[in-house]
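Heads up, the chain below is alone and in the form predicted alone; it's given as structure tokens.
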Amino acid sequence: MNVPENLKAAAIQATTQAYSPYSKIKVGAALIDHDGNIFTGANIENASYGLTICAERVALANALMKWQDRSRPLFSKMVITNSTGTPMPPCGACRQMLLEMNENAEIFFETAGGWTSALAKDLLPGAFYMREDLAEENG
């Protein structure tokens, strides 16, 4: 598996910024946009678990804040890692966000057998898509 080393290093570094007092698991994510910029994120936990934000969505939010050319997908690749080495693929909410930002983005994450990758669209079969007519109305 050819995991992009620059993204892997950035994701590992991002784990040091995690706020995970409940699970004690530090998750880091790093993505690269089409201009070569790298954006990172770390998980941010909350006592109300539903308010917890995954590293993947933090990285996406960081990139969204700087996204200039909205005619192109937000990013092309993302690497996700965690402090335990335990296999931890993206959750359903993250899969939906990854899909919406670029269904053809390559997502790398650890599994029991090592690293694997999948396209965002393959991680969430039967995904929710907004109807095009509504998307145009909402600009």
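This is a predicted model, so every value here is computed, not measured. Just count from 1 along the sequence shown to find any residue number.
Separately, the form predicted in complex with a small molecule exists; it is not shown, and the next lines address it.
Which one of these stretches, 88 to 96, 108 to 116, 31 to 39, 69 to 77, sits within 4.5 Å of the small molecule in the predicted bound form when only heavy atoms are counted?
Going by heavy atoms within 4.5 Å, the stretch is 88 to 96.
Taking the small molecule as it sits in the predicted bound form, is Glu45 near enough to touch it, meaning that at least one heavy atom pair lies within 4.5 angstroms?
Although the small molecule is absent here, Glu45 would touch it in the predicted bound form, with heavy atoms inside 4.5 Å.
Does Val27 reach the small molecule in the predicted bound form, with heavy atoms at most 4.5 Å apart?
Output for Val27 is yes: heavy atoms within 4.5 Å of the small molecule.
Could you confirm whether Gln17 comes within 4.5 Å of the small molecule in the predicted bound form, counting heavy atoms only?
Outside the cut-off, so no.
Would Ala59 sit within 4.5 Å of the small molecule in the predicted bound form, counting heavy atoms only?
No, Ala59 sits far enough from the small molecule in the predicted bound form that none of its heavy atoms falls within 4.5 Å.
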